[in-house]
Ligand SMILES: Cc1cc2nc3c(=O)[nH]c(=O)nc-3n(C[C@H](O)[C@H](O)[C@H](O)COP(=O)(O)OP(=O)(O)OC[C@H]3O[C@@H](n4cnc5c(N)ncnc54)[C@H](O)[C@@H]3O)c2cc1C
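Quick heads-up: it's one chain on its own, the form predicted alone, in structure tokens.
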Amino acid sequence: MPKDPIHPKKRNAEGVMESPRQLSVRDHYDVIVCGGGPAGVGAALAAAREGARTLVIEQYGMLGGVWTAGLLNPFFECGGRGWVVDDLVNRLTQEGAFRKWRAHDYCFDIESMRRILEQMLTEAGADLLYYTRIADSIIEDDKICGVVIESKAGRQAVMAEVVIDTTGDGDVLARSGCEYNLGRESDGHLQPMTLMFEVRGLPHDYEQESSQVLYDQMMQAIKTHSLAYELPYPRCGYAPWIMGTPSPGVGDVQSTHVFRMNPLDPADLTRGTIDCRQQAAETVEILKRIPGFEQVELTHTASQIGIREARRLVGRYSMELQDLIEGRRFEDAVTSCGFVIDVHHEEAAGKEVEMVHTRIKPYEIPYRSLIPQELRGLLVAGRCISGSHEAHASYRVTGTAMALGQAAGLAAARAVREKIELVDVDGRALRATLQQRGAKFADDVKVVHQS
């Protein structure tokens, strides 16, 4: 009968001391992408298509991250990204799994997204490793050369020439000793978490007018029917929203909010998820009392609570509020963004001090914001790149995250092929290549979500 060995540990006054152990090396890759969400699939597709032997490590049994495990619609800022982002949009469209939502945004079918992403990564030649978490980083001579993983197979090492942190929360950069920021500079306050959920039974061709209109309808239903429910946010621009999907009568709902919780604390994640799941059920009961919504019913809540903000790298360039206001351009820009500063803080909601009212111009994000100040061999892509709390609230949307990922994957493959450090990859050449492959930069981008 099989029997796994026990790794020795000893308790002491300060905790538990683990004895040293030898980890088996599972494999060696050119590029390891840690996290298979929007930024991760962008990075892996780009690296693999450029010829790098690439592995994606993902904690869930699917790609897509917040899109699929988190049920997050719409696909904000997906237009004009070029290359692998355009390829994804085209494939979703060809399958009838992509539809316009409101004036400038698009929603997708979540099951189609899961399958198409797997097809694309497989075609590109990338390896996928599901049900696996990143436990630690392997650092030698100020360079990351691999990661320690945990799975049903136990604890193993996977080695690489370049590691890309697309975990969203910056798990790899933190375990690699990189400096990072957490929360609002003035008080450390983090944006709230939201558990998305899906409903069916919406009116035919339903399209929401505004968050304020639906909020007023819900408040009227609570009053008229004497419901013992309270909405978790005031009248504001950020919630509630019902996004119609390509499936008739089906919508993904952005309504639940839990404030002043730490997304890096599993106890807060647990409590927040439970609170939000209850909020989802209550929201549906309210919606049923609104004329035209009588047939609405909850189908399921997301597997993963949505985290808006966690760690932010301290990199070689930090995106700041003034960069957005001025619409800064950079020679080494790898993507652009025109999304509003979408801060969900409850103390400002519905007031003129909401950051969403801050006038910004289309701006660019430089390659330097993806590179740690000291550590070699690591790139960061997605919402955990280097930037302030306010700037992050704009560029954290998934279209920008995937575009940042494709730039990181391109840079990683070039560094491996040319046997150079990541900091020596020419950012201007990255920009030129991405532009040749259809990526639009700030001069061709409009601020289409400005309040």
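Owing to the predicted nature of the structure, the values given are computational and were not obtained by experimental measurement. Residues carry their position along the shown sequence, with the first being 1.
Although not depicted, the form predicted together with this ligand is the subject of the following passage.
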property: Non-hydrogen atom contact R368 with this ligand in the predicted complex at 4.5 angstroms; result: no
property: This ligand contact in the predicted complex: A412, any heavy atom under 4.5 Å; result: no
property: Close approach of Q59 to this ligand in the predicted complex, 4.5 Å, heavy atom; result: yes
property: Contact of F293 with this ligand in the predicted complex (heavy atom, 4.5 Å); result: no
property: Residue stretch of 24-32, 396-404, 422-430, 45-53 approaching this ligand in the predicted complex, non-hydrogen atom distance within 4.5 Å; result: 396-404
property: Interface residue in the predicted complex among G338, P232, P74, G315, criterion: non-hydrogen atom within 4.5 angstroms of this ligand; result: P74
property: All of D171, T194 and R308 within 4.5 Å of this ligand in the predicted complex, heavy atom check; result: yes
property: Sequence-ordered list of residues in 16-55 near this ligand in the predicted complex, where near means a heavy atom within 4.5 Å; result: G35, G36, G37, P38, A39, G40
